[in-house]
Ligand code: SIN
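Encoded as structure tokens, the following chain is the form predicted on its own, with no partner shown.
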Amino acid sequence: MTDVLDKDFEKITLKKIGAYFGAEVSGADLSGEFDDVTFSEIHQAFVENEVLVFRDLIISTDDQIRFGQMFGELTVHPFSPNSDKIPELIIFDNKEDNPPFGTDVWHSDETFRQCPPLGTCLRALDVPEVGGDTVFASMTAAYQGLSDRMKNFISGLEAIHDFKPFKQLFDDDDEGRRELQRFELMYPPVTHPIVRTHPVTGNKSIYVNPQFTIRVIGMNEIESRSLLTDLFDLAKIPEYQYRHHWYNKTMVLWDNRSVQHYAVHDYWPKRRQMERVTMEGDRPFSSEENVIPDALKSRKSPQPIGANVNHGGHSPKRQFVRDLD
């Protein structure tokens, strides 16, 4: 039995790497310009498999940026260690005197935005032989694994997302509080559906994460926390995961609309150097009818599911005052 996915592609070959999602791509030359057929096949593989792995790539930073731009405009993260010359490029260079910060929590990238990124493209430059894996979870598979009762219960619900983990980057003084207030005005809490519909495939996925999701609309604090905890825990189920071990010259592209990830910090204080770009996305939506908060009271609750610091180079980016949504 072969792990090669039986797809009628001319330019690329796909190899299955996860039970529910994930594929390794071979045959694509991503250095320089590439033709529309190659991109069309990569895009189809991307939306169908959610995570794509490219190994043994001899490409430059410019090539990676050009590849990302094929999917759409690149975004600037307001709190990540961005390149001074290319603000759309995030540089992770974690080592003994620059520990990693904030990525060892399950999350989809930047869901505190009204329009979170479509996808993320991360490339390994210098990574340790042991440790530093990234674990991915298909929230499409997680949704499909729910009981019909739970699917019905969360159908149409919405939750609030906020940039809460980055608030600790601001100093607790007058200037720091002013800066925090300015960013809170730029990025106020936003509402997204708990069950997101993928704009290309139409698949449904769970769209809440412990890094940015703070409350379910229409529920009191205890009810909201209980439901969110159950939904957060879905990403921890091994059957829904693919664990990626990095090697130099490897690049991973993942669909931020349906995938969560967790960067394991077990390699530190060894060096782990990566470059990342994110592609502009659209406003999350759900094909389910929104629930009027008062209507929640008539629903029966389902059973729980399953049972002075160095911030790694992250800091608020003052130069990006414009609205980045």
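Everything quoted here is computed from the prediction, not taken from an experiment. Position 1 is the first residue in the sequence shown; the rest follow in order.
We do not show the form predicted in complex with the ligand, though everything after this point is about it.
Engineer: Tell me which stretch of 255-263, 32-40, 63-71, 50-58 has a heavy atom within 4.5 angstroms of the ligand in the predicted complex.
Structural biologist: It is 255-263 that comes within 4.5 Å of the partner.
Engineer: Select from the listed residues Phe153, Phe79, Phe92, Tyr143 the one whose heavy atoms reach within 4.5 Å of the ligand in the predicted complex.
Structural biologist: For this set of options, the contacting one is Phe92.
Engineer: Pick from Thr134, Asn203, Ser224, Gln241: which residue has any heavy atom within 4.5 angstroms of the ligand in the predicted complex?
Structural biologist: Of the listed residues, the single hit is Thr134.
Engineer: Within a 4.5 Å heavy atom cut-off, is Thr197 in contact with the ligand in the predicted complex?
Structural biologist: The answer is no: Thr197 has no heavy atom within 4.5 Å of the ligand.
Engineer: Within 4.5 Å, heavy atoms only: does Arg123 come near the ligand in the predicted complex?
Structural biologist: No, Arg123 sits far enough from the ligand in the predicted complex that none of its heavy atoms falls within 4.5 Å.
Engineer: Report whether the minimum heavy atom distance between His107 and the ligand in the predicted complex is within 4.5 Å.
Structural biologist: His107 belongs to the contact set for the ligand.
Engineer: Please tell me whether any heavy atom belonging to Thr103 falls inside 4.5 Å of a heavy atom of the ligand, as the geometry stands in the predicted complex.
Structural biologist: It does: once the ligand is placed as it appears in the predicted complex, Thr103 has a heavy atom within 4.5 Å of it.
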